[in-house]
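Only one chain is given next, in structure tokens, and it is the form predicted alone.
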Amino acid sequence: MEQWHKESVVYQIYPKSYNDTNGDGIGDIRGIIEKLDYIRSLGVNCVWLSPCYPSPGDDNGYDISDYRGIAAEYGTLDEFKEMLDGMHKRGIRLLMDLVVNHTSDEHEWFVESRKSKDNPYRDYYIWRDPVDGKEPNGWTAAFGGSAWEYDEQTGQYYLHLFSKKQPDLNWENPKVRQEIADMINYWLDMGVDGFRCDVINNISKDFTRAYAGGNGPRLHEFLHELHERALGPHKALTVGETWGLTPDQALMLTSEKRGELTMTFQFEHLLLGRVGGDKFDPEPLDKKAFVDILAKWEYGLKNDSYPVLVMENHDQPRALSRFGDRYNYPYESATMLASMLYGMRGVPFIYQGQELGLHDPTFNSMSEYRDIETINAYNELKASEKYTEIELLAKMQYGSRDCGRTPIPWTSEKHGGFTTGEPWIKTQIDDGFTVEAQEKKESSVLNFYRKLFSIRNNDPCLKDGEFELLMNENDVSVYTRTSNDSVVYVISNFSPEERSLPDCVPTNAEVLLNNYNEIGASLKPYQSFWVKK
């Protein structure tokens, strides 16, 4: 495929919380159209749009009931085409969300599938007989409970790795694979440029395992077939959501010679600060491991694939709350994280509001949450009787996906100017954290992001230069990006304390970027800068 992804900065939009233009409390496509110039001003040239297809909303749009439509609450297909055209006129490409591990149980395929065992659509999904009067195996769902749901009408269980309203498609069925390829071609023929592929390594199941999960025996075969039938001919960009991969496994999926995916996300660093990776069980952040993991992936994908640089999305709390210091150094730590991550080799992905340095909202009770994963986790932990209500609420506050899903604060008006109605989820407006306020302030997180991407987009070293980690100790990291005879040094203090400036940092170098006004004999709290020799 073409290599345009190496020149990209991708901005994820969660449409439900972006900009509401009709006062129903839900963001819409017209709201995105209104903000296209703002998006372009960030230095962004690609948008990943979270699902806007028709959906009952059990998992906020990741339970799709019609793959070829636009949900009425977001607008019309004509408005979608207008948005797409507006993006392309501004040099912005569009990635849609491809959710093909499962559908909604209200999708017409599943409605038919559950009618009878001999229905033509029965084999579109994974049905099994009970074993000893119970579930076919012990697999559990990502949102809690069994991954199997019993259907009274036909006396069988169907598989759902997520919500029971998200039955898994049977990719072993060639008709399913052709349906998916046809649907992908429908959007690509319309002008869409590619897809972020939701939990894509789950599409092949391995029923010999004791646990549910991805990387089944036919994964590569299925992806290559999809590439041949749809993605390859359109030269579409694909980014796989693939939890639990090693760099070697990621290379198997993204090697250009194999014709499968373009890139994969890696989330290993986002599992830090969580006991065993459990998002509702916090532990102190290992800052050295954070940088070491990023470096491991830089080296692991060197020359053969292109890393994805990410620290926020719709499934994660805000990075400032998790990895920074929102109370004492909100600007400094938010910009340090950006400087440290996006100086690396790879494609930057930023999530709406990240460019403002947004932190987690405060949820005062469970009634304020909307996320099915959070509600299910709360109920499961409460039933264990191990925790007080205060402890339970603290766990939810730390890990909930809703922390990253509250609406964008455009202004200091009620509900941040997001809507004139009642928002679908609570809003949080803090002084200095609105687009309006940060536009006016030169030293804002917003303007730092703009400067960062302007520099990155115009420097060969930062686009595709070689990566080398020179040091990572005592909360200070230094790495270089090298291209031809030029070297960019990225120096970061991941600490609220001053730290000594490492000896490996060159003197009398050109300063490209700095989140403080000067570079002194020591590093200020959360200081990060780029210098070039």
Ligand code: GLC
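Note that the coordinates shown come from a computational prediction; the quantities given were computed from them, not determined experimentally. Start at 1 with the first residue shown and count on from there.
One more form of this protein should be noted, the form predicted in complex with the ligand, which is absent from this view; the next part is about it.
Under a 4.5 angstroms non-hydrogen atom cutoff, the ligand in the predicted bound form lacks K205 among its neighbouring residues. Residue contact check for D28: none of its heavy atoms lie within 4.5 Å of the ligand in the predicted bound form. Although the partner is absent from this view, W148 stays clear of the ligand in the predicted bound form, with no non-hydrogen atom inside 4.5 angstroms. By the criterion of a heavy atom within 4.5 Å, F110 is excluded from the residues contacting the ligand in the predicted bound form.
No member of the trio D20, E73 and I425 reaches the ligand in the predicted bound form with any non-hydrogen atom inside 4.5 Å. Only one segment in the set 487-495, 31-39, 500-508, 58-66 has any non-hydrogen atom within 4.5 angstroms of the ligand in the predicted bound form, and it is 58-66.
The partner is absent here, but in the predicted bound form a heavy atom of V99, alone among L356, L309, M96, V99, sits within 4.5 Å of the ligand.
Note on contacts: among Q352, Q166, S333, S444, the single residue with a heavy atom within 4.5 Å of the ligand in the predicted bound form is Q166.
Residues R401, R405 of 395-427 are found to place at least one heavy atom within 4.5 Å of the ligand in the predicted bound form.
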